[in-house]
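Form predicted on its own, single chain, as structure tokens, below.
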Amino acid sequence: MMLQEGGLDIGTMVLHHTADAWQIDLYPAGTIHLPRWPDIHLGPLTLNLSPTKHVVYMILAAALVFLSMWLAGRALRRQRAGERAPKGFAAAMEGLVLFVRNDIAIANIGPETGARYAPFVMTLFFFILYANLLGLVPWGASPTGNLAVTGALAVLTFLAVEIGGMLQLGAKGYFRTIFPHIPGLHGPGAAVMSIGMAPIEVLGKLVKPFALAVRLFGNMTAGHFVILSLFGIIFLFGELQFWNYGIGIATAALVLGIMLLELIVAFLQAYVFALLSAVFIGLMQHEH
């Protein structure tokens, strides 16, 4: 149910901030209207590749990842050339990169193949981290609050898992991940059980990326809903002048606490997505 106070529709405000749009609101400076490109007709399908708010912030997140790594790499080269220990921003980024590489990618995929997948896992981690954090800045938006974005990231992970497993195990080994051999069974019984397990194995392959997409989308969207809904309390009680200041101060303190929690959630969700991606890749890399 929409709650209104002084002409302000709080429900619409919440949805307007979390939903995708063809414009970026920079209140009170104005609104940036994004270009609308013609539709592309592919038989019965109609596509439109015009940039939206979440697309703009995805590009910004990718640019921030590149800029962070470039600046950190340049600073590390200068510090090591002078035989100095890493410090400042470069040291922080180096520690974070080594943590993702060693404790997430290699630890869960394996020492032999983990290093090959480490760049992919690190890219997922830092892109999701920046996309999450962009939703906490003024006029920002969180692309990971869009199911299409989290779904695309999950599909990339799914392709890395399945294609990487096929290359590592070969055709016969990959075939066994769909038609597994049941230990202790032989002959017709083993064949029947193997065929019977195939739909479950295929469903398991599809459930993993679905869980990745929905978990990230749900956590980021829910956090913004909570923050904006609490902000709405100030407007709901705006006419009660006696309580206005007290409610405003209490709500601001509560929202500040929730935003600090969301800051932790932004890191946590990037970590969980990268960790589960590494786990899924590692499970497929080893036939047993």
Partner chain sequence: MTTVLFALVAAAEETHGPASPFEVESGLFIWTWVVFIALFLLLKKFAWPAILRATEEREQAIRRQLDEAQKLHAEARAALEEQTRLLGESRTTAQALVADARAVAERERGAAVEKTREEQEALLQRARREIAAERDRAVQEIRREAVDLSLAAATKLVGRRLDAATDRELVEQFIASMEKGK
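Keep in mind it's a predicted model, so treat the numbers as computed, not measured. Positions refer to the first chain, counted from 1. We call the rigid core the largest set of C-alpha positions that still match within 1.5 Å between the two forms.
What comes next is about the form predicted in complex with its partner chain, which does not appear here.
For the candidate spot formed by 165, 271 and 284, no residue has a non-hydrogen atom within 4.5 angstroms of its partner chain in the model of the complex.
Note that among 172 to 180, 113 to 121, 186 to 194, 199 to 207, the stretch whose heavy atoms approach its partner chain to within 4.5 Å in the model of the complex is 113 to 121. Residue contact with its partner chain in the model of the complex: residue 267 places no heavy atom within 4.5 Å of it. When contacts are judged by a 4.5 Å heavy atom cut-off, residue 98 counts as touching its partner chain in the model of the complex. Although the partner is absent here, residue 65 is a contact residue: one of its heavy atoms lies within 4.5 angstroms of its partner chain in the model of the complex. Its partner chain in the model of the complex is not approached by residue 256, whose heavy atoms all lie more than 4.5 angstroms from it.
With the partner omitted here, the residue from 212, 149, 129, 109 that has a non-hydrogen atom within 4.5 angstroms of its partner chain in the model of the complex is 149.
Looking at 45 to 84, the residues that come within 4.5 Å of its partner chain in the model of the complex, counting any heavy atom, are 46, 47, 48, 49, 50, 51, 52, 54, 55, 58, 59, 62, 65, 66, 69, 70, 72, 73, 76, 77, 80. Residue 44 shows a C-alpha shift of 2 Å or greater between this form and the one not shown [criterion: core-superposed Cα displacement of 2 Å].
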